[in-house]
Ligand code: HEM
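Heads up, the chain below is alone and in the form predicted on its own; it's given as structure tokens.
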Amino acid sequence: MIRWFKVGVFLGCLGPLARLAWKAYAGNLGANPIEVITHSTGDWTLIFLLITLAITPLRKLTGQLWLIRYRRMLGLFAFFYVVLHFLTYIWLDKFFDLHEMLADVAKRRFITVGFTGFVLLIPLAITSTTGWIRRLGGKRWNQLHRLIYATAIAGVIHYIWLVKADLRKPLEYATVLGVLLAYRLVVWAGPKIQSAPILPRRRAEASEG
């Protein structure tokens, strides 16, 4: 049952690509198909990044420990869609013109931050296997994979700087990301805040004694 459900999740993650391919086949990508493909793959990159980041809070808040089985797959699909997003840019938009691409990265800030997010995601995809987890060890692997926070932030900033005018959609992504990061901050800081008053109290008691 679990295996079939995982297959279903996998096929569901391919759904956006299948829909995009069908629209291209049917000639329904509109007057600017490259822009449609670019925006669609970019949107789904952010969606999968946010879903991946949501796995841990959902697992802890709901007690559904089985959710962790899908975090790696969802993270790899985020990488899959960002590769498609990047390929659309370098192939369909720039026709592999390296000079023009480097000029874009240097001069256009939304491309600079987007490219940064893409580069940060590469080591996460490479080290997502069980073998790499063993090589790096749990602690170093976890430290490396915190880059996903920087990647998600870069992706949201990339989107905000890209659209400039209608910020509703990128701000929706920014709000979800802010909630997910705030949750992690509370989880990290909560025990430290609770234990902070204990030391002064103990010192006061020792001085009185």
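Model, not experiment: these values are computed from the prediction. A residue's number is simply how far along the shown sequence it sits, counting from 1.
Another form exists, predicted together with this ligand; not displayed. Remarks below refer to it.
For the options Leu136, Met73, Leu84, Ile111, the one in contact with this ligand in the predicted complex, meaning a heavy atom within 4.5 Å, is Ile111. Segments offered: 156 to 164, 138 to 146, 177 to 185, 51 to 59. Contacting this ligand in the predicted complex at heavy atom distances within 4.5 Å is 156 to 164.
Within 4.5 Å of any heavy atom of this ligand in the predicted complex lies no heavy atom of Phe80. Using a 4.5 Å cut-off on any heavy atom, the residues of 27 to 52 that reach this ligand in the predicted complex are, in sequence order, Thr38, His39, Gly42, Asp43, Thr45, Leu46, Leu49.
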